[in-house]
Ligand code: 3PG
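This document starts with one chain, in the form predicted on its own, laid out as structure tokens.
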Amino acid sequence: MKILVATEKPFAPVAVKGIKEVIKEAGHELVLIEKGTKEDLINAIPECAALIVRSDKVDHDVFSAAKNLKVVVRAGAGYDNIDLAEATAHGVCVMNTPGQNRNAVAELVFAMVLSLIRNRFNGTSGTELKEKTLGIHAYGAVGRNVARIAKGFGMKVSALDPFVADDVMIADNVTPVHSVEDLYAGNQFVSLHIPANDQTRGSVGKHLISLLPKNGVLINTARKEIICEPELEQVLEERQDIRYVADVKPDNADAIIEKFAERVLFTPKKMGAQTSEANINAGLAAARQVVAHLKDGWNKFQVNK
């Protein structure tokens, strides 16, 4: 069977090599499209039984053309680029590869924060992380790695996640928090790791951001959709001490940068998983999951029903 790897942002060459080996060893054929268009994807998909993507959009048009498609694997944790309802309607299993990018994203959190609080290393006096408080909004694979690194800096860490038992956090020397308001009000730094879904889109706005203590920093390496951007801009206007860093450039980034240049920091495009190690981990995991699904229906990480 043919397995299509279609990525606008290509995997690292070593990852592509590994993916090829996994697919070939299982007796399948790899179809590779790198830096292709949506039209390229649609033209290639009809003969393919499986699809591996990164942040590429997989929507109605793709599923309608995918006559033989059985499984789509998103190489990464987030999967809001895939239309799950369409996938289910077409009888296609959708999976992600949770945890494969966790360290890369966690390290980026601190790379951005350090740049911000050291004033972009412009020679002026900044601040340190030691003894500062960090709240982690969602204690999944990335959140746990953020906690691990934060403790190395000597930070005091707490977390909110209704799906994680208190005992798990306590074992990691992380203080459980049971109210989203308490998380924001009680921490100088808050790092977002919640997914973008119907419950979370636009959920982080004026109410929560305004609760941050003096000189609070909001860090977003999750999805831009979880931020209510007009309210973020309003809070930055009203609270001259609040700062915002994001690996997900907001739609109104130009206006925000113009108004609050020294208090915001954005990567030019999403960089959380852009390391060789994360590329390899996610790519190989995706290939193995596709092969396992085609072999016997394995679907441990299925995200649609």
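Here the structure is a predicted model, which is why all the values come from computation and not from measurement. All residue numbers refer to positions in the sequence shown, first residue = 1.
The form predicted in complex with ligand 3PG is left out here; the points below concern that form.
Contact assignment for ligand 3PG in the predicted bound form, among V58, A66, A273, A50, heavy atom within 4.5 Å:
The residue in contact is A273.
Work out which of G78, P176, G205, P213 lies within 4.5 Å of ligand 3PG in the predicted bound form, going by heavy atoms.
The residue from G78, P176, G205, P213 that makes the contact is G78.
Just one of 167-175, 126-134, 85-93, 68-76 has residues with a heavy atom within 4.5 Å of ligand 3PG in the predicted bound form, so point it out.
Among the listed stretches, the partner-contacting one is 68-76.
Is there a heavy atom of H28 lying 4.5 Å or less from a heavy atom of ligand 3PG in the predicted bound form?
Contact check for H28: no, nothing within 4.5 Å of ligand 3PG in the predicted bound form.
Looking in the predicted bound form, any heavy atom of K9 within 4.5 Å of ligand 3PG?
Output for K9 is yes: heavy atoms within 4.5 Å of ligand 3PG.
Contact flag, N101 vs ligand 3PG in the predicted bound form, heavy atom cut 4.5 Å
Because a heavy atom of N101 falls inside 4.5 Å of ligand 3PG in the predicted bound form, the answer is yes.
Given that ligand 3PG is not shown alongside this chain, does R144 nevertheless sit within 4.5 Å of it in the predicted bound form, heavy atom to heavy atom?
Close contact is absent here: in the predicted bound form, R144 is far from ligand 3PG, nothing within 4.5 Å, heavy atoms only.
For the stretch 217-252, I need every residue with any heavy atom inside 4.5 Å of ligand 3PG in the predicted bound form, listed N to C.
Residue within 4.5 Å: R223 only.
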